[in-house]
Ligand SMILES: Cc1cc2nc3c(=O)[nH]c(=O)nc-3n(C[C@H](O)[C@H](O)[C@H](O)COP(=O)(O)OP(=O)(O)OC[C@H]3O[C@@H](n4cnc5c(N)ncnc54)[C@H](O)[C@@H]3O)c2cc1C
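Before any questions on binding or motion, here is one chain by itself as structure tokens, the form predicted alone.
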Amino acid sequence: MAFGLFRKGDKKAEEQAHSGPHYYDLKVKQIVRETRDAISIVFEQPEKKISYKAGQFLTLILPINGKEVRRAYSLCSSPAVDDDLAVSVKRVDKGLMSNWLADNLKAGDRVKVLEPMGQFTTEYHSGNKRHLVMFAGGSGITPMMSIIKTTLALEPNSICSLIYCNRDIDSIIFKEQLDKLQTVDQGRLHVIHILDNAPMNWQGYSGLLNHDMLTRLFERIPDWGLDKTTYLMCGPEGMMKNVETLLAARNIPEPKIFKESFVQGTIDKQPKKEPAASGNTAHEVKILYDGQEYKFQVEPNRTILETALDLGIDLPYSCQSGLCTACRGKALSGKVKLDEEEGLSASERAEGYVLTCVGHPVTDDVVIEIG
């Protein structure tokens, strides 16, 4: 199975889809200083262990300045390798949760956490033989780390090539771990670093990833052919758009490319897009969720999610920016306008899926089934 959304027929995914969200009270086991502005938070597994897939994220829920704040962070731990759960958090400018965690969280603290979510996943089989070519920027390495460790552990015939972009050498998250993995699994993991600001003695690549650099990079990594190669990317929006353009120029078909738009820091910033116009009339929405039915009016320029939360309806959500898809539901009828569609694939939109955190009803017959 390639990276992407779970398909109908995936029994585990369907079971999860028909149950409400699960919350956990996790104990912080350790805070690991990765770089000057990035930490990893290691959580003890509860008695009934939390299952997850490599590439998924956890949503941390904390009271900050008298208000409940939710932020999602990708898991850097591997379900196949690590006993504990771990997420990495990088400081961002004016980042409410990320900066609070770096300044205040300590071992022994307890954190309310929403169950693992996310579709940047794949199924692993010992008989698989594939090449995962990964592009990561900054904290976008986090889900890649989980995927790399899981692939190396469960698929002895598969290999990973990581092209990792950072500001400078001191900003490289997991540098020692990546070096160790390259040594232990020699020939199965290829890591190529690109720095914006390289030191005088730097022997690697520096500057913006462009067509000429990508051509040279591809000469360094194994060529397993298009049928056995999958391309993954996670990082700043500008970097990912650049990589998409470069891969398109090399005639890499879109179905072979998968990206995780939701990385820590994105949700600490205000959405760039203006809210979608939903007219001047309030519309009624019916939500089918966790065996319950909820009906309420959504006022113009208010989202479905924020209206539900104001009414005390505990719908699942995380980023509130239309990127993480934790609030995804299927519109069974009616029309919903989205401020942001980046989190949904074209096929999902065609099937009627919407995101309540950026969704506005534009008709009175909207019925949305969540999970």
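For every residue, the number given is its place in the sequence shown, counted from 1. Being a predicted model, the structure only gives us computed values, none of them experimental.
Separately, the form predicted in complex with the ligand exists; it is not shown, and the next lines address it.
Discussion item. Counting only non-hydrogen atoms and a 4.5 Å threshold, tell me whether A72, V92 and S261 all contact the ligand in the predicted bound form.
Written reply: Yes: A72, V92 and S261 each sit within 4.5 Å of the ligand in the predicted bound form.
Worksheet entry | is_contact(C324, the ligand) in the predicted bound form, heavy atom dist at most 4.5 Å | Answer yes; at least one heavy atom of C324 falls within 4.5 Å of the ligand in the predicted bound form.
Item to complete: Evaluate C319 for contact with the ligand in the predicted bound form, applying a 4.5 angstroms cut-off between non-hydrogen atoms, and reply yes or no.
Response: Answer yes; at least one heavy atom of C319 falls within 4.5 Å of the ligand in the predicted bound form.
Item to complete: Report yes if any heavy atom of S139 sits within 4.5 Å of a heavy atom of the ligand in the predicted bound form; otherwise report no.
Response: Flag for S139 set to yes.
Worksheet item: For I192, is any heavy atom within 4.5 Å of the ligand in the predicted bound form, or not?
Response: No, I192 sits far enough from the ligand in the predicted bound form that none of its heavy atoms falls within 4.5 Å.
Practice prompt. Select from the listed residues T151, S77, S98, T121 the one whose heavy atoms reach within 4.5 Å of the ligand in the predicted bound form.
Written response: Spelling it out, the residue with a heavy atom inside the cut-off is S98.
Practice prompt. Spot the stretch among 293 to 301, 159 to 167, 219 to 227, 83 to 91 with residues whose non-hydrogen atoms come within 4.5 Å of the ligand in the predicted bound form.
Written response: Among the candidates, contact is made by 83 to 91.
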